[in-house]
Ligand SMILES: Cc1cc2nc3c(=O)[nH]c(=O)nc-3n(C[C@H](O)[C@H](O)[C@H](O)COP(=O)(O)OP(=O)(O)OC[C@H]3O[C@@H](n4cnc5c(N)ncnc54)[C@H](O)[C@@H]3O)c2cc1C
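Listed next as structure tokens is one chain, alone, in the form predicted on its own.
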Amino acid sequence: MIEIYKDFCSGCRVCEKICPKNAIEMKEDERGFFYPIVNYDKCVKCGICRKKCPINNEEIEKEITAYAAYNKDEEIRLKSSSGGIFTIFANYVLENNGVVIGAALDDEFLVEHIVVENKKDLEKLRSSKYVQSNIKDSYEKTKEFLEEGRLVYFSGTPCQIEGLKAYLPKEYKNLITQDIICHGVPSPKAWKGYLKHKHNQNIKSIHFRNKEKGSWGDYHLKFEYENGKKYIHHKDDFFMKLFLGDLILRESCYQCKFKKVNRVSDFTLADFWGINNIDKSMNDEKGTSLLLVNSNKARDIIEEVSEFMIKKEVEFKEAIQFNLSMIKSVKKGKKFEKISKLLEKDDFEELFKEETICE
């Protein structure tokens, strides 16, 4: 049976989904993260959960090509977190009768993975969401679509992509996977508490990476309310302080097993922080993506969609020196223990007092 270590469990859910006896259930802990719980009465000790757990995967060296890139469509680019490259790949898949699966905000503004089958709904998947996504049944749906012969583009965090790969019974030519350079995933419980205590009015929309008040690097968290009012803040926002201060991340994010050079995904996308140190001509402050091509399948797709993007090849080592989250975990903020205790006790009034937040 699987042994659960919070220091390493990313919550990818593959153990729950792969168990032949349904002996594993994901349950929420005191900080709002889901972990697998084993029903020992059902468990037959087959060991498949331990075998499939992606924490045990070995890193396999790959040929990686790095680009600074952005979408030629400025409207899409301004609606995106960085350079709008995700939309190019997603459009390619949809135009080939495929489906796109990624993180979206639900009706209560919580984050979950959904299936999109048309370009209009791509807006739901576009842009960053700074909360751990509930993977729900997206692995199962991915398998169903693949078995039907449809092209599938699955976007997620590195641990989610490795979870998907572990769940699937084989490699599929019609599967395209894309991960991100992940800082770490914040607590859904902290996010829910923040929404309730700081935005207790009817919310119309939320954008974690809004660019309208400044440049790409000066993005803002934007709320729009049904009464027409707006809330636009960044580093002075309570939730962003908790997130950027590394105070509410999942325990495994502080020693992440998936921060590595050689990814199992076809593509890796990120903000190209530090692009001015490499090629200033690729930064007009509207957003530039770091695009890593990790497979031959991805190289073929790049050839198909290059007409829709501006891109320049860059040295991989140069690119990641300004994007260390690819290979290095963050450290816990100084007030992590205090914040965690308040979160565990559901003491959101105290949690969101400014004096408890990392400076």
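In case it trips you up, residue 1 is the first one in the sequence shown, and so on. Bear in mind the structure is a predicted one, so any value in this text is a computation, not a measurement.
This next part talks about the form predicted together with this ligand, which is not shown.
**Student:** Would all three of S10, P54 and L175 be in contact with this ligand in the model of the complex, where contact means some heavy atom lies within 4.5 Å?
**Tutor:** No: none of S10, P54 and L175 comes within 4.5 Å of this ligand in the model of the complex.
**Student:** Does this ligand get within 4.5 angstroms of any non-hydrogen atom of A190 in the model of the complex?
**Tutor:** Contact check for A190: no, nothing within 4.5 Å of this ligand in the model of the complex.
**Student:** I'd like to know whether T65 contacts this ligand in the model of the complex, with contact meaning heavy atoms within 4.5 angstroms.
**Tutor:** Close contact is absent here: in the model of the complex, T65 is far from this ligand, nothing within 4.5 Å, heavy atoms only.
**Student:** I'd like to know whether R126 contacts this ligand in the model of the complex, with contact meaning heavy atoms within 4.5 angstroms.
**Tutor:** So R126 counts as contacting this ligand.
**Student:** Within 4.5 Å, heavy atoms only: does G245 come near this ligand in the model of the complex?
**Tutor:** G245: no contact with this ligand in the model of the complex.
**Student:** Note which of H183, K260, K204, K136 lies within 4.5 Å of this ligand in the model of the complex, where distance is taken over heavy atoms; exactly one does.
**Tutor:** When this ligand is considered in the model of the complex, the option within 4.5 Å is H183.
**Student:** Heavy atom within 4.5 Å of this ligand in the model of the complex: which of K241, K165, R250, R209 fits that? Just give me the one.
**Tutor:** Answer to the contact question: R209.
**Student:** Within 4.5 Å of this ligand in the model of the complex, counting heavy atoms only, one of 55 to 63, 295 to 303, 23 to 31, 323 to 331 shows up; tell me which.
**Tutor:** Result for this chain: 323 to 331.
**Student:** Which residues from 77 to 110 come close to this ligand in the model of the complex, meaning a heavy atom within 4.5 Å?
**Tutor:** Stretch hits, in order: S80, S81, S82, G83, G84, I85, F86, G102, A103.
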